[in-house]
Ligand code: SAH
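Just one chain is shown here, as C-alpha cells, and it is the form predicted alone.
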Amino acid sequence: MVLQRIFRTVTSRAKGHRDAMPLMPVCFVGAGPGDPDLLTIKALKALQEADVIIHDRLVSAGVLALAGHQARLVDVGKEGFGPSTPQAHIDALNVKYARQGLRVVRLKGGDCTIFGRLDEEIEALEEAGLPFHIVPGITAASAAVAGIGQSLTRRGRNASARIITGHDMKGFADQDWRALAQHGEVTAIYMGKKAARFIQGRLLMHGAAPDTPVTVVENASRGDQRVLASTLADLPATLDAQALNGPALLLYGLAPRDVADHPVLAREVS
C-alpha cells in the first residue's frame, strides 16, 4: 500500500509537470527558393534552435545543412501528380511534436504564405490549442525574375502582377483567362509544367498573342538554375524538349533581358 501511494504521488507530480510544461509556438518558416544565402536571419535562427524540422521536398540540401546539430529532420515531401505525404499526417506531426514541448519548425519552400497550405496547418494547431508564428521567405517568383534580369512590374507596362497555380486539388486550375490574355499582363505561374498545354490553350482561346513571351525558370536561385526562353505558341514544345527534373516557374509575359549585354545571364540562359 505504501508503494502504491508513493507511485500515485510520483505519477501525479509527473503529470502535473507535463501539464505545466510551456508549449513552444510552432514556427512556420519560408525556406526561400533554394539558395541558402537567401534565407532571412530570422529563418536561420529558427533552424539553428529547432528540436524538430518538418520539411517539404523542395527545401534544398543547402538550407537543411544549416539546421542545428540537435534537430531531428522529418521529410514530409509532396509532389504534384506524384507521391505525397497526406496533409492530415503533416497536421498530426505538427501537433504531436508541439505537445511534447519541442521547438518545432515547419519548413516550407519559398514563402510559406504562398501555395503552402499554411492555413490548413494553422487551423489544425488552433483546434489543438497550440500557438504558432510565421517567418516569411523569398518566394520563387522573386528569385525567378531576378534570375532573368527583370521585374514583375514596370511603369507603362503593367501596374499589377498575378501569382497563380497551374493545378489545384481538382486538377488543372481555371483562372480569369480573359484578363490574363490582355496585352502587357505579367503572371508568375507556379506548378505549371504539366499544365502548360492546358494553360496555352486557355490563353489562346481568350485572345492572347501567340508570340507572348514565356520564360521557364527551373531551380530558381540554385547552382543548377536553368532559364528557357519561349513563347506562348512554343511553350509545350519547349518543355517537352527539355528534361526538367526540378521545380520550375513560368513567367508569362516576360522574356529574359538581352543576354548579349549581361554575361552572367548569358551563362544561365539556354
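Residue numbers run from 1 along the displayed sequence. Fair warning: this is a prediction, and the values are worked out from it, not measured in the lab.
This protein has a second form, the form predicted together with S-adenosyl-L-homocysteine (SAH), left out of what is shown; the following refers to that one.
A residue is said to contact a partner when one of its heavy atoms sits within 4.5 Å of a partner heavy atom; Thr187 fails this definition for S-adenosyl-L-homocysteine (SAH) in the model of the complex, lying far away. Residue contact check for Asp111: one or more of its heavy atoms lie within 4.5 Å of S-adenosyl-L-homocysteine (SAH) in the model of the complex. Although the partner is absent here, Arg202 is not a contact residue: none of its heavy atoms lies within 4.5 angstroms of S-adenosyl-L-homocysteine (SAH) in the model of the complex.
Heavy atoms of Leu180 never reach within 4.5 Å of S-adenosyl-L-homocysteine (SAH) in the model of the complex, leaving it off the interface. Taken together, Phe28, Ile90 and Leu125 are entirely out of contact with S-adenosyl-L-homocysteine (SAH) in the model of the complex: none brings a heavy atom within 4.5 Å. For S-adenosyl-L-homocysteine (SAH) in the model of the complex, the listed stretch (36-44, 65-73, 215-223, 202-210) containing residues with heavy atoms inside 4.5 Å is 215-223.
Annotation for 137-164: interface residues with S-adenosyl-L-homocysteine (SAH) in the model of the complex are Thr139, Ala140 [heavy atom within 4.5 Å].
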